[in-house]
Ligand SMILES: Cc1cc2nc3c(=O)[nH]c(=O)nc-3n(C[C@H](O)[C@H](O)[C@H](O)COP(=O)(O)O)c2cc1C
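Just one chain follows, in the form predicted on its own, and it is written as structure tokens.
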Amino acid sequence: MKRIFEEAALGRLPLKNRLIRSATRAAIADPAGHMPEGLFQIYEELAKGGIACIVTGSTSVSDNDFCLDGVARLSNDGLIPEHQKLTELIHKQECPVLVQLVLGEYNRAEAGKLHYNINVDDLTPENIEDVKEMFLAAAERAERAGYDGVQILASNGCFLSRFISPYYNHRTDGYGGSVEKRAKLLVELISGICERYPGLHRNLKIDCEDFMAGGLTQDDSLEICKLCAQAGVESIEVSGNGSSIAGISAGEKEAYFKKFALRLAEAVEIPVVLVGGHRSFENMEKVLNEGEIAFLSMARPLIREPYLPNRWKSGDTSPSKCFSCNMCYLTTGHHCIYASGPVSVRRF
């Protein structure tokens, strides 16, 4: 029987429990992607709070990606020192950390002009190679900065999630059409990271489906996950397009991507991580023991209570105080308007 508070391995990474902090964007980095002191404080609180592993908020691989406000970047060597500072403060708490690498939109600078948001169908072969190299270069910087691994974001409407979706990808070359061809770019960049930086843990975050007509289906996602596992992905986090469902409470709407995660965990031989609507300790342990799901990840509950894992471990297993009002998304720094404490209420 699996327990939340037992040691477990995320691929080659030994973790002290089965709780992972899912990537949560604070949206307070400056336009160049530099992280302010407040962001370091957020991560330090999380690391001290008892979580077994942290995935950073969205970190763009491109200097010219303007899809998300306040996104951190790992797109040039000048940013490495602050990421090294981040990994060091998290590692002081004996907590591994993965950097979430993302491309929100592909903007190409040519002849002094920036071409904005080039869609999937219009990408040239050179553009596709450019995307791969951006991710590979960011992975190299992640290794130099001391990260334990990378999470490749292919969910929640970002560039890679659009590339694998038939709703957006209508290409007729080797990168479009069948599931295998739509997955080719993702598979190639994962293979590249595996070959060049084998010491990094490689995690994929993917939608179980797009939840819209003509979009990515669960069967598509399952096949893409299998291909990525073959290419060298060591763990997969299951999400869904538009994943922040409101009005979740203990016993209500919890673990809303569970069905697909259970199916995936039977189909691959690597750890599956499930995010989405975890609020009660009892239900979370039940989910762990319904099948082969290995880890559970949380975002909004840890905005409200960064010390939630320690609270549960101490014996107070009352549900998370987060009731999914989603007001955190409307605040500067994405803090909880109901939380108290010197860090949680700070405006950055």
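From 1 onward, residues are counted along the sequence shown. It should be emphasised that the depicted structure is a prediction, and the values quoted were computed from it without experimental measurement.
There is another form of this protein, the form predicted in complex with this ligand, and it is not shown here; the text below is about that form.
Within this chain, residue 328 lines the site of this ligand in the predicted bound form, having a heavy atom no more than 4.5 Å away. Residue 60 falls outside the set of residues with a heavy atom inside 4.5 Å of this ligand in the predicted bound form. Contact annotation: residue 298 falls within 4.5 Å of this ligand in the predicted bound form, judged by heavy atom distances.
This ligand is not drawn, but in the predicted bound form it has a heavy atom within 4.5 Å of residue 276. This chain is displayed without this ligand, yet in the predicted bound form the stretch 299 to 307 from 33 to 41, 281 to 289, 299 to 307, 46 to 54 comes within 4.5 Å of it by heavy atoms. With the partner omitted here, the residue from 197, 175, 256, 260 that has a non-hydrogen atom within 4.5 angstroms of this ligand in the predicted bound form is 256. Checked against this ligand in the predicted bound form, the candidates 153, 98, 208, 164 yield a single residue with a heavy atom inside 4.5 Å, and that residue is 153. No member of the trio 75, 132 and 191 reaches this ligand in the predicted bound form with any non-hydrogen atom inside 4.5 Å. In the predicted bound form, this ligand lies within 4.5 angstroms of at least one heavy atom of each of the following residues of 1 to 30: 22, 23, 24, 25, in sequence order.
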